[in-house]
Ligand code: GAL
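Here's a solo chain for you in structure tokens, the form predicted alone.
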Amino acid sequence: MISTLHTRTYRGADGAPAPRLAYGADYNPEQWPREVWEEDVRLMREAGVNIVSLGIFSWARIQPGPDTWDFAWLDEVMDLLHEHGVGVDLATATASPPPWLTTAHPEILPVTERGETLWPGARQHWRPTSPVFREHALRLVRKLATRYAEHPALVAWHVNNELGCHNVYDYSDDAARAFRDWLRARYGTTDALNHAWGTAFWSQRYGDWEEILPPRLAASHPNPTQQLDFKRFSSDALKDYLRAERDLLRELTPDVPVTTNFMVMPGTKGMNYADWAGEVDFVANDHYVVPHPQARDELSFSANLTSGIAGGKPWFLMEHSTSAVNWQPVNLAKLPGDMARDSLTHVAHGADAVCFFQWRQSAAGAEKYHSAMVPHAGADSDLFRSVTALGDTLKTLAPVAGSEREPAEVGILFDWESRWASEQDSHPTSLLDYHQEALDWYSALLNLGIRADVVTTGADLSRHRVLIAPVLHLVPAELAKDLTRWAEQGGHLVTTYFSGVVDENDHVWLGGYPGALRDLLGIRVEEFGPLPAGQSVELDDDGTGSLWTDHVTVTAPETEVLVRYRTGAHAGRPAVTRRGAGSGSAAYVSTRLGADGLAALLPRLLEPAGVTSELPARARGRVEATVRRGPGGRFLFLVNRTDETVTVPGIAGEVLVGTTDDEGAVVLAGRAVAVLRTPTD
């Protein structure tokens, strides 16, 4: 459906659909006097903006009272944007209810696990399961869809905004009722629920559905499966709300694609976006660089994961920042070149749109210090000149639009339910960070110059020769069978500590760890050996392990010990193993090695699959290579991960973006990106 978005937004001189990358931002004209709007559209044309998200936080302006509506200003903005060739991704404006609604109906406000009400004054102060909120919200959606269904500026619908950013977990009575309904649908009977939740422990057996509550503040650790199911339910409750708006929009405007902006980034855990992807016509994502030693690798990882969520198809970068944000302890401005590199890294991983929060930097409000395309300094600024230059680059890259991700030989599996389950309380360690472990493997592959896809559970494994599944903690029986079958047919699995331990009900697979994967891996672990913060062990390949160790016993004659512990409680025992399985293999890494340690180990793990870098030696680790493929050609993106100039010889193709030296080598300045096109086979 993203191709439909393109055909709605742009046609060539002959009237035929023409490819292009979308470029724009959230636009909030209601924050500004009317005369500023004229300057806005003039500068949008100058910058190459061709799409904006409109009306995201406009409910109070559109509906100032229960039976009062004001569309005149929005009509004028829609007309003005259309006159200047800017398409509109029109938000349903339901993200933050207006004061009159919360005053009349305080029962729509979310409640924390401690029973505290989250009051108005910020944003997203509504319960996903509130029937009262839904009634009022859908009334607004109907009004908008009816009014703008035929407006020529309308190119897509933007449901709500960042669903679950601040209200994913609501413990109210509405949530309790909806949770019980969800549990009835999942388990059918209280007996089945009692088995799944293991309620024989701590005298928790339920005799009636009405006895069941969300995992509110308790005297000790709440039931683990109750917690896991509440996470599943909470994601599903937001998904159900998304469907409610989407279904109404499809009824009233069947030809307009519908999306909502995901937030694939480290701190966002509550929404299972892999499960949500099928509910929208095209995947959209918001991403912001976070303070982190691997910050740029994390941006690439999240963009890559968004592509995996989208099934390798093009997706829409709905928000990122031109420079500093406002919500971090210290909000650093981006360095010259960072904005373009960040943007083009997303494009490299499948984004067919580059959009920012927001168009014009606010003069008031909580986000007034958040950067924008037009900063407080105005158009006569280095930032706006960089914005305009990026617009020119995206015009040059128009042939990339519509192309899909070319599968890599290596896949990294990212599983939301394993993330939820592995990080719960009352576990061997509270220091485990699922996202960090996955990111370390990704950084290690980047350090080796090896291209990898981040994929989700349910992806087609046959597209990859190697599958890395870090901390695959929750493994239902069917997934274990699928992984075993794939390995025996020639795939090469790599997994880690705390994997295969529990089933879908968070029940331990008995008989020794790693449980469901024990036979495939040809090892057995009787007891975990987590390490205190700051403590480490040495390995006999000169590596260093932290966070976790395992007392590994080899149980299959074909299992090979690749690395042993040199120090610690398990000195002399296996630390890394590999077992041949059919025509493939399965390897196990029993400790946390970090990105550098994994980069040292990976060549041995990849050797059976014959995977090596596609980059010349001098560029490996310094340049990220990503490939998109479509009717317009095969597009190789080369992203300089460093602040220094890197020369990449031996790369053939038409240079769309970037420069070459006299010998034809691609020359990448610090933080620069090059794009080369070759014909498809």
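All values derive from a computational prediction rather than experimental measurement. Residue indices: 1-based, along the sequence shown.
There is another form of this protein, the form predicted in complex with ligand GAL, and it is not shown here; the text below is about that form.
> Between ligand GAL and Trp327, Phe357 and Glu367, in the predicted bound form, does every residue show a non-hydrogen atom at 4.5 Å or closer?
Yes, all three are in contact.
> At the 4.5 Å heavy atom threshold, is Arg123 in contact with ligand GAL in the predicted bound form?
Contact with ligand GAL, yes.
> Wondering, does Tyr169 line up within 4.5 Å of ligand GAL in the predicted bound form on heavy atoms?
Contact check for Tyr169: no, nothing within 4.5 Å of ligand GAL in the predicted bound form.
> In the predicted bound form, does Trp37 come within 4.5 Å of ligand GAL, counting heavy atoms only?
So Trp37 does not count as contacting ligand GAL.
> Contact between Glu417 and ligand GAL in the predicted bound form at 4.5 Å, heavy atoms?
It does not: once ligand GAL is placed as it appears in the predicted bound form, Glu417 has no heavy atom within 4.5 Å of it.
> Can you tell me which of 598-606, 282-290, 297-305, 475-483 lies within 4.5 Å of ligand GAL in the predicted bound form, counting heavy atoms only?
Comparing against ligand GAL in the predicted bound form, the contact stretch is 282-290.
> Just one of Thr259, Thr129, Asn161, Ser343 has a heavy atom within 4.5 Å of ligand GAL in the predicted bound form. Which one?
Only one option qualifies, and that one is Asn161.
> Of the residues Asp229, Asp506, Asp174, Glu319, which one places a heavy atom within 4.5 Å of ligand GAL in the predicted bound form?
Only one listed residue qualifies here, and that residue is Glu319.
> Could you pull out the residues of 48-82 that have any heavy atom within 4.5 Å of ligand GAL in the predicted bound form?
Residue within 4.5 Å: Phe57 only.
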